[in-house]
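Only one chain is shown below, in C-alpha cells, and it's the form predicted alone.
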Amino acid sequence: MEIGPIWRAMMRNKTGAILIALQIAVTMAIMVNAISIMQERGRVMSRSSGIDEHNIFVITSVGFAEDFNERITIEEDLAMLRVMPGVVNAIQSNSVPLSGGGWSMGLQTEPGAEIEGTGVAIYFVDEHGIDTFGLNLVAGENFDATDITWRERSDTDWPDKTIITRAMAETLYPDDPDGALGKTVYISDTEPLTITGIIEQMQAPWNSWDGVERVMLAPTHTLFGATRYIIRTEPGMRDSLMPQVEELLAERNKNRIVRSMRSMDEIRERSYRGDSSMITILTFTIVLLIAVTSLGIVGLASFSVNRRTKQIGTRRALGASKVAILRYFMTENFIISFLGVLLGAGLTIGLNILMIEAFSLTRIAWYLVPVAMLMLLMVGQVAVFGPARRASSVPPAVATRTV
C-alpha cells in the first residue's frame, strides 16, 4: 500500500483528519498526566504508617459526671485492657497516625526564641507505647514507668526525655543522624529534651504534611477530658475484640460516654478517601476520553466510507481485493493517529511542566508517553476496523448503481 496516494487523498479533505488528530493529541495529554497523578496518589496511599495497622483499633472515653476521676479511670481501664485475652497491649494517646487530628510543635537543636524549630508531630504515650503501636526501636531504649508524667490542658511543662523517628533525626542532624541518640533538643524554645531512643518509622496524623514522618514520642498521660485508647490485638482478633472492649468500658463506668471506635484500617480509608475519589474520577475521565475519541474515529471513518462508496466500488471492479480496501482505511487511520500521538507527546510534556510549576506535582514517568502512544494507536486501529471492514464489503456492482 502506497502511503503517498493515501496522504494526498487525505489532504484533499483534511478537516476531519485534523480534528481527529487534535482529539487524539488532547486525549493523550490529559490521559498521561491523569495517570501520572494517579500513580503519585497511589504511592502516597500505599505508604506504611510504621505501625501494626491491621491489628490496632481506637476507642474514646469521655467522662461527664462531676465525680468522674479521669486519672483513676485511665489507670483502671489500661490495667483491664492489658490483661484481656487477645490483647497484645494498650495505651492512652492523644492521636494515631492518619487520623487527621493531633499535636505538633517545633524542635530545635539550640535553645532560644530566635531559633527556628523543625515541625514535629507529638504522640503522648507511656512505656507501653512502642509495643502497642508495633514500632521498631532501632537505637536507644524505651521509656521506663518512672518517666511517665501526667499533663492537664493548662500545663506547659514537658518531660525530660523523648523518642524520635529516624526521619526526625535526619532532619535535626543531617550530617550525623545516628549521633542524635543522647543529644539534647529543645521544645517551646528553651525546654530541654534528651533523645533516648530512635524508632525506624512512624507517620504523623496528617497524611498531606510534608513532614509526615517527623514524629516524637513524649512519656506522658493526658488529662484532657476525652481519653483515646489505642488497643493492639493478636492477629485476627481485632474485629471480635472491638465490641467486647466497647461493652466492657461502657459497663465499668456509667459516668462516661464510650464512642468513636474505629479500626486503623478504617482510619486509613477515611484519611485517603479524597485521594481514592480522585483516582476514581480520573479513571472515569480517561475511559470517557478514550470512548469519545474512538467514537470520533468511527464517525470519521464511517463518513469517509459513505462518501467514497462509488470510488470503493470502482476499485473493487478494477480488481482491488477486500484486503486491499481494508488495508487502505486502516493505513489512513494509522497516519492520522500517528500524527495525533506525535502532537500529543508534545502537549503531554508541556502540560506536565505547567502542572509541576502550578501544583508542585512530580514529573511523568518516562515510559508513560510511549506506552500511551502505542495504546492510542491500537485504539485507533480497533475503532476503524468496523467501518473499514464494511468498506471492504462494498460489491463491485455499486460502481454502476451509485449516483
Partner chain sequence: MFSYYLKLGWLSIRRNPLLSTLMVAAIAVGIGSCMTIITVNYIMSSNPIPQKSDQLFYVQLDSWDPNNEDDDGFEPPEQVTYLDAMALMKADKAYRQIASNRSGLVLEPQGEGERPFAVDTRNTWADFFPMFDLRFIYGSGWDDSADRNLERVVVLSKEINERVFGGEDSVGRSVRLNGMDFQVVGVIDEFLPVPKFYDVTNGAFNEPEEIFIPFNISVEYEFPRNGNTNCWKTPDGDGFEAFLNSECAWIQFWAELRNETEKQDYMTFLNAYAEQQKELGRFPRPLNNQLSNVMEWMEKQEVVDDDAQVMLGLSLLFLLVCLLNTIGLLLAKFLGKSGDISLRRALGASRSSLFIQHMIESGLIGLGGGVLGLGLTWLGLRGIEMLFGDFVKNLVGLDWVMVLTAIGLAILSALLAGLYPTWRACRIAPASQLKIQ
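On a predicted model such as this, the values are computed, not experimentally measured, just so you know. Positions refer to the first chain, counted from 1. Under this definition, the rigid core comprises the largest set of C-alpha atoms superposing within 1.5 Å between the forms.
Quick note: we don't show the form predicted in complex with the partner chain, though the next part is all about it.
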In the predicted complex, the one of Ala250, Val88, Ala139, Ile148 near the partner chain [non-hydrogen atom within 4.5 angstroms]: Ala250
Taking the partner chain in the predicted complex as the reference, which of Met216, Leu282, Val212, Ala169 has a non-hydrogen atom within 4.5 Å? Leu282
Taking the partner chain as it sits in the predicted complex, is Gly296 in contact with it (heavy atom to heavy atom, 4.5 Å or less)? yes
Just to confirm, Ser240 within 4.5 Å of the partner chain in the predicted complex by heavy atoms? no
Evaluate Asp155 for contact with the partner chain in the predicted complex, applying a 4.5 angstroms cut-off between non-hydrogen atoms, and reply yes or no. yes
Is Glu116 close to the partner chain in the predicted complex, meaning a heavy atom pair under 4.5 Å apart or at it? yes
With the distance limit set at 4.5 angstroms and only heavy atoms considered, check whether Met38, Ala345 and Ile364 all reach the partner chain in the predicted complex. no
Partner-facing stretch of 22-30, 334-342, 366-374, 43-51, counted where any non-hydrogen atom is within 4.5 angstroms of the partner chain in the predicted complex: 22-30
Which residues from 249-277 come close to the partner chain in the predicted complex, meaning a heavy atom within 4.5 Å? Ala250, Glu251, Ile257, Arg259, Arg270, Arg273, Gly274, Ser277
Taking 2 Å as the cut-off, check whether the CA of Ala358 shifts that much or more between this form and the one not shown after a rigid core fit. yes
